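The data below hold one chain only, encoded as structure tokens and taken in the form predicted alone.
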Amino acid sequence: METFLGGRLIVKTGDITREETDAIVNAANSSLMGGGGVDGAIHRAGGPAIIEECRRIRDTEYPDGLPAGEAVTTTGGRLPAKFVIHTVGPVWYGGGRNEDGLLANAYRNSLKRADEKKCVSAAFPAISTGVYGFPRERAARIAADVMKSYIDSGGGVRKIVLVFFGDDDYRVFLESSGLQSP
């Protein structure tokens, strides 16, 4: 575990479904109906209340699916977190389809949703670096830049935890983010 940005950013490996933060962020697909990886794990651990709220969101706000870069909030269900913030990261097509901007928006909009719910802590997985193929080094720099800007601007989330599933992703973030430990 490492800390950055005055102790407000914590980077570690672990299981995001066990994080005791006000909110956890789900790297969702646009359907919001669960899937594999982090998305499936969050839906399984949180139980049916999450999918019920996702269905309502699809029925009322996003009938065509949640666009990349956007974020919505549901209950945390049976998770330790009170809220799940679902965001869709971009699929990597080589960098020519605004993938960087969409990934930054996924992080920014998730923090915005956390602020709206008055969360003081939030945990994030790596967004888009799995099956969506976003280069991990590039994603690390984008995530770090968004977190630094948010913290520098006085955002309300006092503790942000980046939870990586494996040691390799953790190491890539530490080597590529450009952040310095205190």
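Keep in mind that this is a model prediction, so the values were computed, not measured. We number the residues from 1 along the sequence you see.
Same protein, other form: the form predicted in complex with adenosine-5'-diphosphate, not shown, and the subject of what follows.
Student: Using a 4.5 Å heavy atom cut-off, indicate which stretch of 60-68, 38-46, 153-161, 112-120 touches adenosine-5'-diphosphate in the predicted complex.
Tutor: Among the listed stretches, the partner-contacting one is 38-46.
Student: Indicate whether residue 34 is a 4.5 Å heavy atom neighbour of adenosine-5'-diphosphate in the predicted complex.
Tutor: Answer no; every heavy atom of residue 34 is more than 4.5 Å from adenosine-5'-diphosphate in the predicted complex.
Student: Is it the case that residue 22, even though its partner is missing from this view, gets within 4.5 Å of adenosine-5'-diphosphate in the predicted complex, heavy atoms only?
Tutor: No, residue 22 is distant from the partner.
Student: Residue 15 versus adenosine-5'-diphosphate, in the predicted complex: is there a non-hydrogen atom within 4.5 Å?
Tutor: Answer yes; at least one heavy atom of residue 15 falls within 4.5 Å of adenosine-5'-diphosphate in the predicted complex.
Student: Would you check, heavy atoms only and a 4.5 Å threshold, whether residue 126 touches adenosine-5'-diphosphate in the predicted complex?
Tutor: Residue 126: contacts adenosine-5'-diphosphate in the predicted complex.
Student: Which residue among 54, 140, 27, 147 has a heavy atom within 4.5 angstroms of adenosine-5'-diphosphate in the predicted complex?
Tutor: Flagged contact: 27.
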